[in-house]
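Quick setup: the structure tokens below cover two forms of a single protein chain, split into structure 1 and structure 2.
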Structure 1
Amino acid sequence: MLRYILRRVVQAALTVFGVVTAVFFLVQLSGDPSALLLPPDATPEDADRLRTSLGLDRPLPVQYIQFLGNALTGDFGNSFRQRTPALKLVLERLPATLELAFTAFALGLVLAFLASLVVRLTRSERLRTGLLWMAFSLQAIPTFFFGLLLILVFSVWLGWLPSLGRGTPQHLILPALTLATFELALYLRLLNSAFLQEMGQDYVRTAKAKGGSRVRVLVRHVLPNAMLPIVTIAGINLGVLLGGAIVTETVFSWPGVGRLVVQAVSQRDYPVVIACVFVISLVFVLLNLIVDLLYAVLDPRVRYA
């Protein structure tokens, strides 16, 4: 077990290292930032001085080591636009993104579980196929378009909920629902097949034979087992969720990291882009690590080879 944890931690660290390296070479591709930083009437001497002060005149391997060192200490340089440390800008926005992502995550899971339980308890084949149909259709609708439809219905037509910004719990409802739908669709499909599979197992028959009620058998015996594939997929899917958050935040003007990175890209504010990529990847890698460890605890059958 300890070896497994250690291996996964090392793996996660390697991944972050890989991301940082990729980002470094990406920055090299972007060319000379001094052109972007200096006013148009600057002399070549000014440019040289700036390059020296930024360390751009040193050999590439030295720059790489320096970049790694700076990244380790969280120094990604200052934002070209706002003249404040890029990482600080990103970290200010991070709580909003996490709030959105986790609410959506929980919402998707809870709705999927409730729907699947209702299907199993009512044993309605029509409800089952109806839900699966809905799931398939939802997966074919782009997140941002679904968000727009929600805005249209609940903000424009009904006027119940605000369509943009962050602040009150009401502001959270539409973006979270938007982000949750993709997952909801996936979990509905997974739970459906997981339930079908688990219902045929011997332990279910035994539990029934012992006189357990249907609700008890489902909730106490089947549910924990059906949850396993969901946990795995949920971990993998967190990336999709964070990626989806980038788009969803723009739809609803949600002040998170996703909106920041989109703005930074259109303003060519590279330090902020880099810091965003770093932070999102780091969060993603950490979440995956946690999910993997959780998985090992939940399922003793997982071999930690």
Structure 2
Amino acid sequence: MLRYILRRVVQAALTVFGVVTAVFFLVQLSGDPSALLLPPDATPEDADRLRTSLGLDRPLPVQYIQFLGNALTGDFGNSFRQRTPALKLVLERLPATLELAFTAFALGLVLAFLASLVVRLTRSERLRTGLLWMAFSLQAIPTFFFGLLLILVFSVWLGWLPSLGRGTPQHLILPALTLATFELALYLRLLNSAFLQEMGQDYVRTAKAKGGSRVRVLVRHVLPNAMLPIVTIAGINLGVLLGGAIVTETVFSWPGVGRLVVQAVSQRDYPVVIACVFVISLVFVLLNLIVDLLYAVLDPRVRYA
């Protein structure tokens, strides 16, 4: 197990290094940041002085080598706009993104589990069909459009919930519900397939033959086996939520990392963009490592040499 963990840590480090390197060179293609940082009446000499002060006048390989040396110490440079360390800005926004992502993840997963268990316990084919149709319909609605619909109904028409910002639990409801709706649809489909596959296995018939009740067989025997594919998708999807809530954070003006990335890209704030990608990729690979280790807990047949 220790050898496996060390190997995965090395792979994670190489993955993060590759992602950050790719982003470093890609952001250089977005244009000269001095065009956005200087006033319209700035002279070419002003632009040259700004590029020199930001270190953008040096050859790209030299910039990259210096960037790697600083990044190893956790220094991704200062924000071009705010003149503060880029990594500090990202870490200040990270709790908001974690709050939104984990809330939406837990809400969607719990609701999907409860709905799937009710379907299996009631054996209602109409209920199963209705839930699956709802899942297909919800997945077909773009996230930004669904978020705007929630704002229109619950904030504008009913006035029950705030539509923008972060500060109270009420501010979390609409953005979390927007993301959780897509999560619910995804997990409903996965759980439906997993339950159908497991219910036909020999161990289920054996458990029933021993006199086990339907609830006991479903919860104690079927559910742990049905969770294995869900854990894989859930771990990956949680990482996607952390890095992919950009649209939702923008729609609801949620002060998270996703919104910070949008602002940094539009302002060509290279250090902030790279720091955001570094944090998101690091969290993503760590979540995947945790998911792999959970396999050994959920399935005793899995062993890591």
Partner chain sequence: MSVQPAPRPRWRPPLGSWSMLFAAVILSLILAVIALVPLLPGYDPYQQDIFNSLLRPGSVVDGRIHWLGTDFLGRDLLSRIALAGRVTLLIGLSAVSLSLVVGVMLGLIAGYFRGPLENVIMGLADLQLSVPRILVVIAVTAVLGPNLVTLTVLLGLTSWVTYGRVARAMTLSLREREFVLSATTQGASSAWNIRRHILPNVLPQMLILGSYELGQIIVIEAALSYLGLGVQPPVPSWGRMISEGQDFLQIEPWLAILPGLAIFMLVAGTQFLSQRFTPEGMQDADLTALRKRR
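Start at 1 and count along the sequence of structure 1; that gives the residue numbers used here. C-alpha atoms forming the largest set that superposes within 1.5 Å between two forms make up the rigid core. What you see is a predicted model; the values in this text were computed from it and never measured.
*Asks:* Can you tell me whether structure 1 or structure 2 is the form predicted alone?
*Replies:* The form predicted alone is shown as structure 2.
*Asks:* Glu45 and Val90 - same rigid part or not, between structures 1 and 2?
*Replies:* Different rigid parts.
*Asks:* Using C-alpha superpositions, work out the turn of the smaller rigid part against the larger one between structures 1 and 2, rounded to whole degrees.
*Replies:* The smaller domain rotates by 12 degrees relative to the larger one between structures 1 and 2.
*Asks:* Please state the CA displacement of Val23 between structures 1 and 2 in angstrom, with both forms fitted on the core.
*Replies:* Looking at the C-alpha of Val23 between structures 1 and 2, the offset is 2.5 Å.
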